[in-house]
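Next up: a single chain in structure tokens, the form predicted on its own.
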């Protein structure tokens, strides 16, 4: 290690210590920025310390990364990860230079399991060649940053091409992941939970992205759809169809807002988080674990851990109110959360918070593609809106039939807003920076602890 890289590491670690222990703040972006400023090649210097697994895609990266980490730890690996979701180049650099690397208990090389922003995959692989790319899904998201879904995927492919020996483990239910001229070995996971005799071929709902065949751009048909553009697809114009799956959900047994029961490769499993979309996250983690030799029994034990994930269906008690925080940032994500609320049997209230900062995406037009009208089929009793762009969200929910809304533009009053809602159960659906502001208020009021 050069003097410059040693200084970069020492500076990053010192700044991280000050942030955590003096200022009581999380985050690795500042330490990463300082490290890169001192040694622009710091990532190349430290890459021999671990094998890298990159987790990228639109939705579910943070939870998937957390589940993968638990699974690999259960399999005896030492794992470095970025639990706060700081997934751009500075945050990732900060994570890697401030974390002490230990040897894995199983004698194998430690693993860095890192959530990576789609537009930052190429930047990371310019410095470090990963052992595996994990691709979750590609949905329309933050058009101001990414453009349309094929543009987003091209950014990921550019990063994959930097590491031709890395395995690409991808969601086979997403047609877009069959595209690309990269030479890496690909393996797929997906859902096979419906008996072929129950197939009902159809096309995806109107306004669904990513449903074109890569061979002739015809509209794909489906034997079944799980949600959005995901499912068992096929072309009616040629022989193109969903690729063979190596890992698959073989049954979906029970869906509730608090947990999901299902089987993967006929192994019964349960995760302590609701929503069909989160079974995909579990499937992804299962697939990664099996590729690294983790047994189904070890994976089952890892899933049984009920530790919560930062900002992802966190359950918090606020003076007797059962509050669940869910992150929304695009139409598919919002619709998945709404579908999860459809499984709620108790009365509940919804507090929806919309910001439009850089980390959220400054274009809020996506809220018009979210199917808030479905909430009329739930036990919802009250709706409140807030955040920096509360007016946009208030109008959207009014058009969805929720004219009566309490409005909280000032998020410093959010704790009082929770207490004012009429039901014991409260769901808070928030964009990323609104979620951070919300957590700051809950922390200041003593309802949650700091950190990640």
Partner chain sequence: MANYDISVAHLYGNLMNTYGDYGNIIALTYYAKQIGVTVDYHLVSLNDHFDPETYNFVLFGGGQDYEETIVAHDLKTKAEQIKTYIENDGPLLAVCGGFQLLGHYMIMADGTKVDGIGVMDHYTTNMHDDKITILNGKRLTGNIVIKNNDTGETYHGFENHQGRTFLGKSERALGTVISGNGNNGLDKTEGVIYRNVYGSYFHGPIFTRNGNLAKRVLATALSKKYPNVNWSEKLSQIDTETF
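The term rigid core refers to the most C-alpha atoms you can superpose between the two forms while keeping them within 1.5 Å. Treat the numbers as computed from the prediction; the structure is a model and nothing was measured. Numbering follows the first chain given and starts at 1.
Another form, the form predicted in complex with the partner chain, is not on view; read the next lines as being about it.
The closest heavy atom approach of residue 212 to the partner chain in the model of the complex falls within 4.5 Å. Proximity of residue 44 to the partner chain in the model of the complex: non-hydrogen atoms within 4.5 Å are absent; the residue sits far from the partner.
Contact annotation for residue 420: none of its heavy atoms lies within 4.5 Å of the partner chain in the model of the complex. Within 4.5 Å of any heavy atom of the partner chain in the model of the complex lies no heavy atom of residue 388. Stretch-level contact analysis of 334-342, 257-265, 201-209, 153-161 against the partner chain in the model of the complex, using heavy atoms and a 4.5 Å limit, identifies 201-209.
Residues 270, 298 and 304 are none of them found to lie within 4.5 Å of the partner chain in the model of the complex, as judged by heavy atom distances.
Listed residues 363, 253, 319, 346 were compared with the partner chain in the model of the complex; 363 is the one with a heavy atom within 4.5 Å. Shown without its partner, this chain lists 374, 102, 217, 381 as candidates; in the model of the complex, only 217 has a non-hydrogen atom within 4.5 angstroms of the partner chain.
If you take 389-416 and check each residue for a heavy atom within 4.5 Å of the partner chain in the model of the complex, you get 389, 391, 392, 394, 395, 396, 398, 399, in sequence order.
Taking 2 Å as the criterion, residue 102 does not count as shifted between the shown form and the other one: its C-alpha moves by less than this amount when the rigid core is aligned. With the core held fixed between the shown form and the other one, residue 356 has its Cα displaced by at least 2 Å. After superposing the rigid core, the C-alpha of residue 373 moves by 2 Å or more between the shown form and the other one.
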